[in-house]
Every structure is written in C-alpha cells, then in structure tokens.
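Let's start with one chain on its own, the form predicted on its own, as structure tokens.
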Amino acid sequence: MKHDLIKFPLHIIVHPFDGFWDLKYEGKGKARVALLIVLLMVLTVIVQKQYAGFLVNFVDPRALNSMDDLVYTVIAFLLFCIANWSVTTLMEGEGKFKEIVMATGYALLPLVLINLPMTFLSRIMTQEETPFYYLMNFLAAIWFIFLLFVGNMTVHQYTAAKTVFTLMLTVIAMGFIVFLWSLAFSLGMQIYWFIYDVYRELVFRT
C-alpha cells in the first residue's frame, strides 16, 4: 500500500520515463491512486483559493464555491481523457483508456505537491517575495506538462513529434466535445419546451 500511494507516484515524477514504462508494462500504476491524486488536486485548489495570502489571491471570497472547483476540475480531467482516447484510437495509439486516466492522474502530482506549501507560505510573504510564489507555480505547471507529455508518449508508444501533434488534436477534440454537448443540451431544452408548450395547449383546450 505504501509503495502504491507514495513511492511509485514519487518515482514517476522524478523518473518519468521509467515510471510510465512501469505503469504500462509492469502493471505498477493503480487507477484508484490516480483518482485520489485528482481528488487531492481539487482539495488543494479549494484550499489555495480560500487561504492564499491576499498579495497573491485575487479571488472574491463572496464568490467562492467549492462545488464549482470540484465539478470543473473533474470535468476537465475526464474531458481530456476521453478526447485523448478518441484521438489516439484513430491514430494507432497503444494506450487503453484506463492507462490514459492513470498517466494523466499521476502527471497532476507536482501541482498537488506545490499548491499546499505555497498557499501557506503566501500568507507570510512580503510584496517583494511574491515573484517566488509565481515562479514555483509556474515550475509546477511546466513539470505537469512535461509529465503529461512523457506519459502520453510512453502509454501510446509514440515519437516525440507525434505526441505533440496528438496532444494538440486532443485540445481541439476537447473543444469539439464541449461544442457538441452544448449543442445537444440546447437542442434538448428546445424539444423539452416545445413538448411542454404542446402539453399546456392541449390541457387548456380540453
């Protein structure tokens, strides 16, 4: 259990090529651990918005809604996994949906690790020290993107160029899925109101 929860995730972020290889071919990755990291990501984002120092926190506390953070983070995560699976299935990717979920979840770990300490440090920072806060968050984001790149390349057995190309297509596919969902939702609402109006008309005439 300790190996699954602590050692292997840390091994992946320090040795991503070996780690993602072990995830795919040695069966060392666990979907429940990846989903736990996603949950921790949501919690650290909520804590960051609630408790980060006022010098770096520009969120209106009256507008905070933890459910929004939960929904938007989880939806973005699932949307990426579904879009990536859809694109790579058409482009001879070898990764299964479960492996994409695990690779993406483990790639989020640097953001989880940096959010909490930087949130609490931000409360004792001076104005002159705030660039350090932004630098650390920037480095964590770069680290996450690098892990996402290596994870996709290893899981799908792509070259570096093909991985970059498929990640770009994944972003486009995410936009396309959101557009289709919005279109279907709008159409569904119109059909609902049409049926409702017909029903009311029939009720009033009888």
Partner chain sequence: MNRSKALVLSLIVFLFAASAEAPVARAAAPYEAYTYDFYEDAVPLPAPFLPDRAIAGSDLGVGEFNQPNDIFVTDDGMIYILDSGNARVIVLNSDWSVVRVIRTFAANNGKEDGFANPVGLFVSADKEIYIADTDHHRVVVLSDDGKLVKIVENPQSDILPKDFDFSPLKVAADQAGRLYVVARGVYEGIMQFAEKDGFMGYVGTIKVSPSPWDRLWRALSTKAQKQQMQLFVPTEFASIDIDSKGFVYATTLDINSDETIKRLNPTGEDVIKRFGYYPNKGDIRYRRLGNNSGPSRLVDIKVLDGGMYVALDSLRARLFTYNDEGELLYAFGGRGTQIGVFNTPVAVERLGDSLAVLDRGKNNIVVFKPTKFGSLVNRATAEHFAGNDAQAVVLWKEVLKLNTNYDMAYLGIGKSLLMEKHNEEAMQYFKLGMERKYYSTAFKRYRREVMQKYFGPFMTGLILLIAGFAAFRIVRKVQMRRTRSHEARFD
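For clarity, every value in this text was computed on a predicted model and none was experimentally measured. Positions refer to the first chain, counted from 1.
The protein also exists as the form predicted together with the partner chain; that form is not presented, and the subsequent description refers to it.
Visitor: Closest heavy atom of Pro61 to the partner chain in the predicted bound form, within 4.5 Å or not?
Guide: Pro61: yes, in contact with the partner chain in the predicted bound form.
Visitor: Taking 4.5 angstroms as the cut-off for heavy atoms, does Glu92 touch the partner chain in the predicted bound form?
Guide: Residue-level check for Glu92: no, no contact with the partner chain.
Visitor: Using heavy atoms and a 4.5 Å limit, would one call Leu135 a contact residue for the partner chain in the predicted bound form?
Guide: No - in the predicted bound form, heavy atoms of Leu135 and the partner chain never come within 4.5 Å of each other.
Visitor: Is there any non-hydrogen atom of Asn57 lying within 4.5 Å of the partner chain in the predicted bound form?
Guide: Yes, Asn57 sits close enough to the partner chain in the predicted bound form that at least one of its heavy atoms falls within 4.5 Å.
Visitor: Note which of Met125, Leu79, Val71, Leu116 lies within 4.5 Å of the partner chain in the predicted bound form, where distance is taken over heavy atoms; exactly one does.
Guide: The residue in contact is Met125.
Visitor: Only one of 47-55, 31-39, 171-179, 149-157 has heavy atoms within 4.5 Å of the partner chain in the predicted bound form; I'd like to know which.
Guide: Going through the listed ranges, the match is 47-55.
Visitor: Which of the residues spanning 132-169 lie within 4.5 Å of the partner chain in the predicted bound form, based on heavy atoms?
Guide: Counting only heavy atoms within 4.5 Å of the partner chain in the predicted bound form, no residue of 132-169 makes contact.
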